[in-house]
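Shown below, as structure tokens, is a lone chain in the form predicted alone; questions about how it binds or moves come after it.
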């Protein structure tokens, strides 16, 4: 399992037609797609995926996340590549806050400079285009939520 990871292209990326540009970052770095789907996010899946954040950050955050996701298009993807792919993909994606993400990363180049400060001021969640799993356990859990028929070893 050291050579697979999970990412999810979020609704903000789909809405700004950035899917191809995002996928190009992976392709250019020798990373392949094993499995993907195009689906409408449900409150159940969003809650399963982000539940620990909902507990930590409260109902207001949960409501904003559900507003961002539910009924909107997401693209969950299992990627494969060399050993250490989780860290490699997270490096390609960039840090969570696009305004702080380095140029040459997905969030740094495509993230429109969104920030926690700006999102709080506008009473919304941060728009950062993509989610990338951070551990092998998260890969298995998150892939099972969004791609339940895909066998993760």
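Numbering follows the first chain given and starts at 1. Everything numeric in this text was worked out from a predicted model, so none of it was measured.
FYI, the form predicted together with adenosine-5'-diphosphate (ADP) isn't displayed, but the following is about it.
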query	finding
Contact segment among 37 to 45, 80 to 88, 60 to 68, 23 to 31, judged by heavy atoms lying within 4.5 Å of adenosine-5'-diphosphate (ADP) in the predicted complex	60 to 68
Contact test in the predicted complex: residue 92 vs adenosine-5'-diphosphate (ADP), heavy atoms, 4.5 Å	no
Residue 126 within 4.5 Å of adenosine-5'-diphosphate (ADP) in the predicted complex, heavy atoms	yes
Residue 53: touches adenosine-5'-diphosphate (ADP) in the predicted complex, heavy atom cutoff 4.5 angstroms	yes
Stretch 98 to 119 - residues with a heavy atom within 4.5 Å of adenosine-5'-diphosphate (ADP) in the predicted complex	107, 116
